[in-house]
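Just one chain follows, in the form predicted alone, and it is written as structure tokens.
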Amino acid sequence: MKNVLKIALGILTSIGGFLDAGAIATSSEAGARYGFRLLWSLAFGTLCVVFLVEMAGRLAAVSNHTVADAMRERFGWRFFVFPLTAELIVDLFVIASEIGGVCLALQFVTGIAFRWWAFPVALLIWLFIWSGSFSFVEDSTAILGLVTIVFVVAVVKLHPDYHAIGAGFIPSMPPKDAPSYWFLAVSIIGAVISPYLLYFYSSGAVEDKWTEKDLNVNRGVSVIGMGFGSLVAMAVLVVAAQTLLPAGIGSDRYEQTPLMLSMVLGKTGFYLFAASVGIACFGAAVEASLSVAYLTAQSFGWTWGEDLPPKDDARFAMVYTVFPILAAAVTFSGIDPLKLTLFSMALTVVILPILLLPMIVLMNDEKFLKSHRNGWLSNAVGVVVVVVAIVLSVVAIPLELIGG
């Protein structure tokens, strides 16, 4: 029964962790511009992240090492400094985009420009992490994130053509504007396979003191949890395709996106959209800020742990204090949150290979995994993911310049 409850909590956590500013922005724009055609990219990203999250959790449960710990120990500091630096830069923009999502939700309901909310939101993120335990942070954002199920409800009320939806899972060439289509596809994959999620997940498994007895729980959380989060993201795309696309309303600005639920649920839909965006982005901002602190502390061998009093891991606390402030400064500058989100997703794709390739090597290392090393299926999927990540990292920036 205890394991069932852990898996249930993992499903809830995926709602808060999977659906963030990146998933909402890319899914809504994809639906508004190309209908169901880009569902395949969400499905592919989900398959990849299921395997990667399972690997990160298995590594932590068997070796008591996080992904960052194991990479630094296995490959040495001289190698690890490159993924560390790249990840910190990208995560700064990711946190800024998440803060921007929360600020826009507040703008929707108050009318006060989003930039003025940037530092108050950063302060709230810091207070949330500073005063809470790991379980509190994870559980509270997950349970509040249940509001995002409203997108699934909206799909049911719209009665879409499910055969057309099914066709969207088959990759096809766009009818027009190919660079923008492929840029969105790349951005969607970047939104789903966020490296900070792997660092956060493995660190959480160590904080929760997972052992080999928790491997079945890890599989359940990876498959069911990530799959359920993906279902919500797909629902965002389908709702946008059913509402914004027929009305000829683009989704090139966040301010247009609440219309997708307003058209289905009226004024209530508007406020539910604001709540969904605000809560999902806040949860992601908390997780990304904690992930940066985990990554930095583990890289330099500092004491770390969300369950420790801040005075016992002061440098760890310093990181999750400084990064939200820096990210808030980016948001306060007035950069369009949607453009910032898409840009951060493209950057995420660029750095994927320098995380994924060494991670696949780690998952075959007997020193860390013992008899729980990758099997042929995990390795096959891992190779495909790495090859695709390399290709995407090469084309991401050109597509950003041409089609973004």
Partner chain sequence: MKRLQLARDVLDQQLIDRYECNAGKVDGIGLELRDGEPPRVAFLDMGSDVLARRLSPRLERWLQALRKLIGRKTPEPYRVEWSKVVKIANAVTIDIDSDRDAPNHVEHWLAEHLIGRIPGASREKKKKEPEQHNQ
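None of these values were measured; they are calculated from a predicted model. Residue numbers count along the first chain shown, from 1.
What follows is about the form predicted in complex with its partner chain, which we do not show.
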{"query": "Location of its partner chain contact in the model of the complex, chosen stretch of 342-350, 59-67, 22-30, 36-44 [non-hydrogen atom, 4.5 Å]", "finding": "59-67"}
{"query": "Distance check, Asp307 to its partner chain in the model of the complex, heavy atom within 4.5 Å", "finding": "yes"}
{"query": "is_contact(Glu138, its partner chain) in the model of the complex, heavy atom dist at most 4.5 Å", "finding": "yes"}
{"query": "Exercise: Lys209 in contact with its partner chain in the model of the complex, heavy atom 4.5 Å", "finding": "yes"}
{"query": "Distance check, Leu326 to its partner chain in the model of the complex, heavy atom within 4.5 Å", "finding": "no"}
{"query": "Residue (of Tyr181, Tyr196, Trp126, Phe93) lying close to its partner chain in the model of the complex, criterion heavy atoms within 4.5 Å", "finding": "Trp126"}
{"query": "In the model of the complex, the one of Ser133, Asn216, Ser172, Ser333 near its partner chain [non-hydrogen atom within 4.5 angstroms]", "finding": "Ser133"}
{"query": "Sequence-ordered list of residues in 289-312 near its partner chain in the model of the complex, where near means a heavy atom within 4.5 Å", "finding": "Gln298, Ser299, Phe300, Gly301, Trp302, Thr303, Trp304, Glu306, Asp307, Leu308, Pro309, Pro310, Lys311, Asp312"}
